[in-house]
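Two forms, one chain: they're shown below as structure tokens, one block per form, named structure 1 and structure 2.
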Structure 1
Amino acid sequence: MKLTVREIADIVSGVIVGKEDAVITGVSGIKEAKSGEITFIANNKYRPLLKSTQASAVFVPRDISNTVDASLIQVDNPSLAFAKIMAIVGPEPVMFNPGIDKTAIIGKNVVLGKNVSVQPYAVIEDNVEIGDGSVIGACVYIGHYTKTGKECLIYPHVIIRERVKIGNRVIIHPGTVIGGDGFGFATVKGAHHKIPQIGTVVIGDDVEIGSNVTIDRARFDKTDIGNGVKIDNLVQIAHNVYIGENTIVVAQVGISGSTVVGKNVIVAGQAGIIGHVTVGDNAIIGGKAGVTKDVPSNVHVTGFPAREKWEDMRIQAYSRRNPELIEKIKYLEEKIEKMEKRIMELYGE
């Protein structure tokens, strides 16, 4: 890579504050960046580093125009601008050429689209359909009658069981299991009898799913992941869950059976949501929160049991005042005793 600040600003429609002719040869984080590299500021926490960064150029929001050593490139979305440049200058991505490896096992009546790549030791069962341009990684297992859309990237060792439907441009990272049986039993005299899980999983377009995630198939009907949903690593999504468009589910979250999560929701890391509740659109579920009832739209809940953030913070803050309260009450009690005695004196008791 060898681009001037001017050339980079043109690629991302940015406005330059500072030198235009500095030559950029690499990308990096704002702390690690060296002279000749470009970086960016997304998280406000890092703004003070603008002064100390060794980077030669920094993507910044439109409202930053400090005079610093680095050239600033003002853009609407510094992360996105940086991502564009990273894609240009990063190491060449690993590509998997179209074609079916001779060790891949392809069942009967399988329909493979154009330019599909099936890597070594993949196992594709009967009646599967794979859309144009998709990559099926090494050792991936795809069960009977499952369909994937176009341009999907299924990383090695993903397991997708039978009759699952996957949209277009879906990315699934290694070790993830889609369509395992939902956890359902009917208990009779202490013994748990398996309830057949005859439903399926439907995954929309542009979904990305992290590593070692589990998304269970529905008892009947479907577990449903909307378009544009992004799921991080080690997340558990139980049977019959519905997740709306563009919702973000961070690592190690668990969503219990039959729960409905709206659109554009953020469920932060290690949060849990019980079964059979509804989380409204645009809600935010804080990290480690435990949701035990419906969450309205546009509400930010935190803590366990999860409450609106302001309420949770107030309870937390007052809890910290407990020791002080106990001291205060003791002090008032003593005062009251003294007053009682003085009043008794006045009464001549």
Structure 2
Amino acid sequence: MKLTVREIADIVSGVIVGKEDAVITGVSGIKEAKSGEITFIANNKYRPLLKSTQASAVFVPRDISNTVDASLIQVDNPSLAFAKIMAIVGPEPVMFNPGIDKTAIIGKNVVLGKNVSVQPYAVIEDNVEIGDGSVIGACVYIGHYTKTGKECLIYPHVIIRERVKIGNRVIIHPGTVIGGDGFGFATVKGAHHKIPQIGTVVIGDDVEIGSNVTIDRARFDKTDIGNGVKIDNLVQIAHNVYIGENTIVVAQVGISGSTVVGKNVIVAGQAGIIGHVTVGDNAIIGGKAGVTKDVPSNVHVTGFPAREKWEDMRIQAYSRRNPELIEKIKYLEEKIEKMEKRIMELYGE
């Protein structure tokens, strides 16, 4: 679909700096964009690329008004504006026709909503409920008594175990396992005895879960993922964890059992959170941080063990001076040794 810069600005409530009649036929990143395409700048470090981009139009924050060859469209959130237009002028989304593939296996007492699509070799066990408009990808397994809401998209090779509850508009990417057993064992005389994990997993509305994520079922009660949570690839969430609404969990994070993570939290890549701690609302856990105690709301922590960012930066600054301090200590030790020898020579023992 083709749109003029003026039409695009009207859609996103943007202000144009430059030509209004340029025609946009595609979308691209700012480095790769060509004439006829629109791109965006959401990070200040990419601002210098405005001078070199070949794009015909660029979404920019409202404080950018540079005169460049491309038309600028000033908006509150360039990334969000770009996403809206990408849905219009970008490639058409892949659509799945409603119906059940002949190779799919459907159990007893399964309830399928309107316009559900079940792709090849999917397995849906007894007493499962699938909401209207949902897509169950190829080779997906859905266990007994599980319920999914409306308009869910379950990509191929996802495993959802028994008695799991999934909300509306949930997206789960390939290779993820929801509701596997929590890691619970009792050790007696050196032998590890499995503790039954009889709880479940509850996932709220508008959640997106990346590839190869594992969310374990609770020992009792539930592992709870709140509305609007976004989970990146390769994340491990243990049994009885609670994650509040609109929290973001980035790749390779590990969250141990019975941890409570508040609302609007950001857990950056490769961070780890020990079990039975609480992370307050709006907190930020920095990349590779190791959280070993409760984190208050509205606090940014980094490092291991995780501390408030300003404190961790100060410790890191001191640590970088270690070689210099070691050399100074050696110098002082040598100087003291010489002074002691001199005193012995002058005054004896």
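Along the sequence of structure 1, residues get numbers from 1 upward. Quantities reported herein were computed from a predicted structural model and do not represent experimental measurements. Rigid core here is just the name for the largest C-alpha set that superposes within 1.5 Å across the two forms.
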item	value
Selected structure - criterion: the form predicted in complex with another copy of the chain	1
Rigid core superposition, residue 332 Cα moves 2 angstroms or more between structures 1 and 2	yes
Distance moved by the residue 341 C-alpha between structures 1 and 2 (core-aligned, Å)	10.1
